[in-house]
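Alright, two takes on the same chain below, each alone as structure tokens: structure 1 and structure 2.
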Structure 1
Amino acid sequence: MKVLVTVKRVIDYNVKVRVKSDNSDVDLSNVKMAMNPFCEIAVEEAVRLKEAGIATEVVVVSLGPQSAQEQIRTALALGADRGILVQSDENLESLTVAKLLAKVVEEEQPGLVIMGKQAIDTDNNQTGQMLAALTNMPQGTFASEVKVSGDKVQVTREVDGGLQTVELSLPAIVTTDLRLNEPRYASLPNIMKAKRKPLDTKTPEDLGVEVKAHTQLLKVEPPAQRQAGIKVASVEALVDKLKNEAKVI
């Protein structure tokens, strides 16, 4: 079974995001970029399926600028077999990404597609669902456990009321949640091997998809500064402020 995994290039989660002085966008100059954490979990799950003898090939696909090859190479170092970059310098919206991925799925014919449930830069949490609709494939979102057996996959989902287990017919789409696994670190020998693994580059034109913006970014603002706290002399003073000033009791 071939497993297709999507990865996205985002600002490293340890980096404090800065807003441009004109509030037009986030400042990406001299900022460390990394693989989206949910995508790391997706790659790890695909590699584990391969190690268990369930998957025969793990293909990683990313959409974005040429620099996104770095994240694909990271996934290859973690155990994926080959990579595909759909290169575009445009700001790709979720629907456009889903349409491009649908074309890749049509070409690759994977038995399972594993995606991060969302990217930490946009937090849209919708590309996996859109891809499922475009490809008419069953979906299991927010996965905390994945079990493949024959032509079925059981996905344990994290929902508001607890856990829900669904069974999907393959081919299917799974989006990963935080508790699915703990991603491994790439070893130096595997990093060197990843440089020799195949990586194909395509364009939206090659896939027959028009990149068109349907939304416009108007303004970006940093979160409001937190006000400094105060100290109170007694419990009575604390209760008084909570009741009369904060009005929370």
Structure 2
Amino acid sequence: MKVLVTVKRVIDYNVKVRVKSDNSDVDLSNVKMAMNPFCEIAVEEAVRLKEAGIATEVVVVSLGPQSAQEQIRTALALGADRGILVQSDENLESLTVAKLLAKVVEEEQPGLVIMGKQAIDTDNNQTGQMLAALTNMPQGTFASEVKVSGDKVQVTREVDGGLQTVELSLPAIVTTDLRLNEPRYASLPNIMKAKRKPLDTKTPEDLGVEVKAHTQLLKVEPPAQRQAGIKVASVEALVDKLKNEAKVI
């Protein structure tokens, strides 16, 4: 079974985000970029499926600027077999990304698609579900466990209040939650080897998808800042403040 896994190039999660002074967007000039953390978990899961003999090939796809090749190379160093970059410098909204991925799915015919549940930049949490709709595949979102057997996959999902397990017919889409696995680090020999793995570049035009804006970003502002309060000297003083000043207990 072929497994398709997607990776997104985003701001490194350790970087403090700053809003541009003209409020047009966040400032991404000269900041460290990295693979979206949920995508790292997706790559790890795909590689584990290959190591377990379930996946025969792991194909990694990214959509974005030329520089997103770096994140594809990272995935190749982690164990993916080949890469596809759908290159575009335009702002690709979730629905457009899903449409582009649907075309890649049509060409590649994977048995399973594994994606991060959300990207830490736009925090949309949409693309996997949208791709599932467009390809008429079932979806196992927010996965904490994935078990493939025969032509089905059982996915345990992290839902409000606990866990839910569903069984999906393959091909299916899985989106990863934090606890699915702990991603490995790439070794130096594997990083070197990854440079020789195949990486195809396509454009939205090649795939016959029109890049369309469904939303317009009007402004981006920093969130309201919360003022630091006071330090209390003792538990007694704390209880007094909560009872008599804040009146919350």
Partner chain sequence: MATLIIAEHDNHTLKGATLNAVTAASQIGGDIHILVAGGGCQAVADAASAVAGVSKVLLADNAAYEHQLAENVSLLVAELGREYSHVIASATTGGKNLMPRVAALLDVAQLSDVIRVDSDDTFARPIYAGNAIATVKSLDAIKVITIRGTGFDAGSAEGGSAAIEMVSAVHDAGISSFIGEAMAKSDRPELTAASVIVSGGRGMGNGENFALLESLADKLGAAVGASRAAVDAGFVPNDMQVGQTGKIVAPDLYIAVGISGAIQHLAGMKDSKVIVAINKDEEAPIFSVADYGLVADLFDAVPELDAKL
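Shifts are known only where both forms have a C-alpha. Each form is matched to the other, and the largest set of C-alpha atoms that superpose within 1.5 Å is called the rigid core. Start at 1 and count along the sequence of structure 1; that gives the residue numbers used here. Every value quoted in this text rests on a predicted model; they were computed, and no experiment measured them.
Comparing the two isolated chains, structure 1 is the one taken from the form predicted on its own; structure 2 is not. A displacement of 2 angstroms or greater separates the C-alpha positions of residue 235 between structure 1 and structure 2, with the rigid core held in common. Residue 226 is among the residues whose C-alpha shifts by 2 Å or more between structure 1 and structure 2 once the rigid core is aligned. Core-superposed comparison between structure 1 and structure 2 places the runs of three or more consecutive residues whose CA atoms all shift by 2 angstroms or more at 223-226, 231-249, listed in sequence order.
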